[in-house]
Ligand SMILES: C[S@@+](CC[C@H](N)C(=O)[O-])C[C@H]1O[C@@H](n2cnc3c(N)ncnc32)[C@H](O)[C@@H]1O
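Starting off, we have a lone chain in the form predicted alone, written out as structure tokens.
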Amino acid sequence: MNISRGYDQLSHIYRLVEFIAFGRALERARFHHFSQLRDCKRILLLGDGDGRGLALACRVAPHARIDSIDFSAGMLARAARRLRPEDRARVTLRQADALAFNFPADTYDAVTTFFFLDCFSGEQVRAFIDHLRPALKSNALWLYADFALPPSGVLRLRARVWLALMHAFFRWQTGLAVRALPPAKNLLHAAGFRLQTETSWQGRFILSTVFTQTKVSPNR
């Protein structure tokens, strides 16, 4: 199945499916650190889905220009319907594959990836971080929320069961190929992003994290 078409099919029920599985936990994780965007001038949202993040970003950062990139036309259509008339001129919605998109250099002072990097393999995430880095300004914020395996015990077992169910569901509905979480948080660390703050829920199964890009030598 075409992955974009698969997410198009889910766009009208995605929020309901999320709520049935996790209640408001994923929404809390996405938006827990959104206040950090309030002084940003250019914000990049990746895989925002049905536009809840876009609508909140518009309210939190009323003077920012915002680019939202998603692989699904159906999700972008729902996001567009959430926009207030006064926000439309400063928002750009693009249907594109973020892994291959040509991001403008030295542009964004914040990027968000909420339950997005878990759609890719570790090698894809590593390559994507390197691909996106030139588009970020020095000291740019990276707001990241995703699932993680708790360190041990019953909570780790529970998380493995949930992850197996989710991977099976999205493989069935969208053709998504990955079968395990990528080590995205560790890859961001390895790429030079500094952990600023982190909040977790459900025994560290759900994380909401803010990273800051460290300054990179121009000769790198």
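Throughout, we count residues from 1 along the sequence that is shown. Keep in mind that this is a model prediction, so the values were computed, not measured.
Below, we refer to the form predicted in complex with the named molecule, which is not included among the displayed structures.
**Student:** Of A79, A140, V91, C119, which residue is found within 4.5 angstroms of the named molecule in the predicted bound form when only non-hydrogen atoms are counted?
**Tutor:** Result of the distance check: C119.
**Student:** Is L149 close to the named molecule in the predicted bound form, meaning a heavy atom pair under 4.5 Å apart or at it?
**Tutor:** Contact with the named molecule, no.
**Student:** May I ask you to state whether A98 is within 4.5 Å of the named molecule in the predicted bound form, using heavy atom distances?
**Tutor:** Yes, A98 lies within 4.5 Å of the named molecule in the predicted bound form.
**Student:** Although the partner isn't part of this model, could you tell me whether Y14 comes within 4.5 Å of the named molecule in the predicted bound form, counting any heavy atom of the residue?
**Tutor:** Output for Y14 is yes: heavy atoms within 4.5 Å of the named molecule.
**Student:** Taking any heavy atom pair closer than or equal to 4.5 Å as contact, tell me whether M75 reaches the named molecule in the predicted bound form.
**Tutor:** The answer is yes: M75 has a heavy atom within 4.5 Å of the named molecule.
**Student:** Tell me the stretch among 156-164, 64-72, 32-40, 184-192 that has any heavy atom within 4.5 angstroms of the named molecule in the predicted bound form.
**Tutor:** Residues of 64-72 come within 4.5 Å of the partner.
**Student:** Which residues within 24-58 place at least one heavy atom within 4.5 Å of the named molecule in the predicted bound form?
**Tutor:** Stretch hits, in order: R30, G47, D48, G49.
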